[in-house]
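Only one chain is given next, in structure tokens, and it is the form predicted on its own.
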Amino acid sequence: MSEPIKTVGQGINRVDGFLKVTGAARYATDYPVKNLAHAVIFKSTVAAGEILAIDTIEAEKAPGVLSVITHQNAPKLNPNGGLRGGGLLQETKIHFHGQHIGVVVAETFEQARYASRLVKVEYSKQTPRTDFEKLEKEASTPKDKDKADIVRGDVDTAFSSAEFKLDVVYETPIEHHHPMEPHSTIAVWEGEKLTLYNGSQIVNGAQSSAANTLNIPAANVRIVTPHIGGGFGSKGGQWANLVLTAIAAKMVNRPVKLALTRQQMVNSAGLRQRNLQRIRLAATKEGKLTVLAHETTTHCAMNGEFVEPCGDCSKVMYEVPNAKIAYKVVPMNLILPTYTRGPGKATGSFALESAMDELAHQLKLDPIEFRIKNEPARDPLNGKPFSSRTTVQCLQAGAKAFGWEKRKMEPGTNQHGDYMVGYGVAAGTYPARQRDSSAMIRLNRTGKDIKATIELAASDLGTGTHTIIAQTAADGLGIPVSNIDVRIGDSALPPAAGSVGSVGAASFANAVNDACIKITDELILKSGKQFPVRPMASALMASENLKEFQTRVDAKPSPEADNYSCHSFNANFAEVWVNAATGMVKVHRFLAVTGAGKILNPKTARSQIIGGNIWGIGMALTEESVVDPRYGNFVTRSFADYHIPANLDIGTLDTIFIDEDDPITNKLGVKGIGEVSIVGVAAAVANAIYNATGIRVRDLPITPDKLIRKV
């Protein structure tokens, strides 16, 4: 039998693509559950204070209403069970505008929504802490020990004596995740057993959080989530709506659906917080960095702390003898911030890479040359060798492909009719990690036809998890992709890592690969034969006349990886056109060059990269969640006012993957790309705008008003 054609590394179509384009792929609220009731959350209309009274009488009498649930009748829950943000109807204290204060359950969604507006609430109001400009001076050291100051050398002395230096503040606004599929759940109780159909980036994490919060055994909770319509971190941890659906179903003794509206999303499922980042850079006249200080001031919730790690890129990107990474945080009456695509690295790279561009201009150095001059041989943070590092290759390959030699160093000198044209570059990084994951393989033979079922509690955000699992299994077993049935997104399956932090592809693929190796070893042992060449599992099923065979593996990261610094790296190139009359910015071309180990599927990988690039462009030019400091609510609550890039906003997007072999990071050498795809993007756009106009904008988004006044 000839060896099957390898599919890993090939850009095959998504194996679940047909389901999606025909509408057959089921998302959280697509399951045909009988006797379904509908729930609508109602929320606090004040940002700080306490509930004095809730009058639900009129709502309870409304047509179709089955129950109105508030703190007065909600069951006792565990507020420390693992859900984020509060809002579990366990207290009367109000921590932020839009906090959940009740749920209406009715026969239809319309009836529940109508009745929710009939609830009357009396508050004892307090002055809310919602004005960051006034509160930032109160910021103090975070409680999180991982955010303690990191200091190397003597930053202050070296900075004061430096000839070429920069001391500036960069600002990024609050952003929201806004996945295409808002958070939604169907809850079904069967006795003491609970099934939650819910979009969950970490399937087993959602299971344990729901169980702990409900005070029931994890074995009694099943999470079902084979398809997710995006999450970007917001569905990595679960929020109160998950458990509120479960208690609503329990109280009305029938299945319940609860789907958040787009407007409710802004204060129900976290956000990327506003960050002020002070950067101090210093260098010799030859362009060698002597100082890098990155100090972030941000905000958290009144009832919980989360601090985005904006200094992470500054820890590892450049060789510098004197460095400082520090954080300060102030509590505010806003919902708890959370992980958002490229957490810390997306926002932190805007500050770091903009500052590198500024100092390169001051030194009269090409910004690519400046970065390469300061390339570290080892991880500057811990002295560990890099398992592999492709920053220089990314910069050089990108410069050649992009036509960087056409860039004019002097800003504002490249005119094209009514437009000023500029080129910008920025680099970035994101950790590469594998996490514990288990996988089950079941082989079945009918005549000469051998099929495999792969089972693990992985999740697919739309990134192509089904496909890369099928490709990995096909190559490991020696059967076509069409004969692979991938079953994921169910906590009843073997536990697996989540689709978060760019660990999904590496964890899932390595677990499946290990399972393929194990099942082949077991089949060889079962045969009792010696083989001159290691056979494929598919061939053994046929030669040994086996109808079925199965195995399970519990895959773990390689201990060797802990001795190295393992990362994906990139370089981003932007060409912008700025209208001299209006200040409107168009990203005419964008190129992302990425070194991320073995690329399992170039087609789905490219989709991941351009998706991150588009978000980074939106971060640079349009995205901003605005708080009304008088009341603490968001005035940007839909896509009518929270502006994300549309098709006409995006020019030509190109991607290049650096050929990289890194078996140290994990056995397959797979690194994540979902997060690194946004890192450095906003800085590349901002640097291009400076090159086009000579105007340095340090606060995002770069809207026309920030340019038109000076153009």
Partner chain sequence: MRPFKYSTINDIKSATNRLATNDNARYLAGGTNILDLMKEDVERPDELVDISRLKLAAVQPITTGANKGGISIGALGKNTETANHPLIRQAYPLLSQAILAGASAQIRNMATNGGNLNQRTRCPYFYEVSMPCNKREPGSGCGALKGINRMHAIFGWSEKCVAVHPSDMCIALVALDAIVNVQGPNGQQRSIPFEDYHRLPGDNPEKDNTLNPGELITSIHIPRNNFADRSYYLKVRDRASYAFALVSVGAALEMNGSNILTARIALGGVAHKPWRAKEAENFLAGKPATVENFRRAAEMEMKNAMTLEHNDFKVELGTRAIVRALSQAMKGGKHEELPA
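Keep in mind that this is a model prediction, so the values were computed, not measured. Residue numbers count along the first chain shown, from 1.
This next part talks about the form predicted together with the partner chain, which is not shown.
Quick check for you: of 459-467, 216-224, 439-447, 574-582, which stretch puts a non-hydrogen atom within 4.5 Å of the partner chain in the predicted bound form? Answer to the contact question: 574-582.
Worksheet entry | the partner chain contact at L36 in the predicted bound form, heavy atom, 4.5 Å | Output for L36 is no: heavy atoms all beyond 4.5 Å of the partner chain.
Note to self: Is it the case that N13, even though its partner is missing from this view, gets within 4.5 Å of the partner chain in the predicted bound form, heavy atoms only?
What the structure shows: It does not: once the partner chain is placed as it appears in the predicted bound form, N13 has no heavy atom within 4.5 Å of it.
Given that the partner chain is not shown alongside this chain, does K324 nevertheless sit within 4.5 Å of it in the predicted bound form, heavy atom to heavy atom?
Taking the distances in the predicted bound form, the answer for K324 is no, it never comes within 4.5 Å of the partner chain.
- Should V635 be classed as touching the partner chain in the predicted bound form when contacts are defined as heavy atoms within 4.5 Å? Yes, contact at 4.5 Å.
query: Tell me, which of L381, A492, V626, A542 has a heavy atom within 4.5 angstroms of the partner chain in the predicted bound form?
result: That would be V626.
Legend entry - R371, R272, H567, H97 - the one with a heavy atom within 4.5 Å of the partner chain in the predicted bound form: When the partner chain is considered in the predicted bound form, the option within 4.5 Å is H97.
TODO: Any residue of 102-118 with a heavy atom within 4.5 Å of the partner chain in the predicted bound form counts; write them all down in order.
DONE: E110, R113, Y114, R117 sit within 4.5 Å of the partner.
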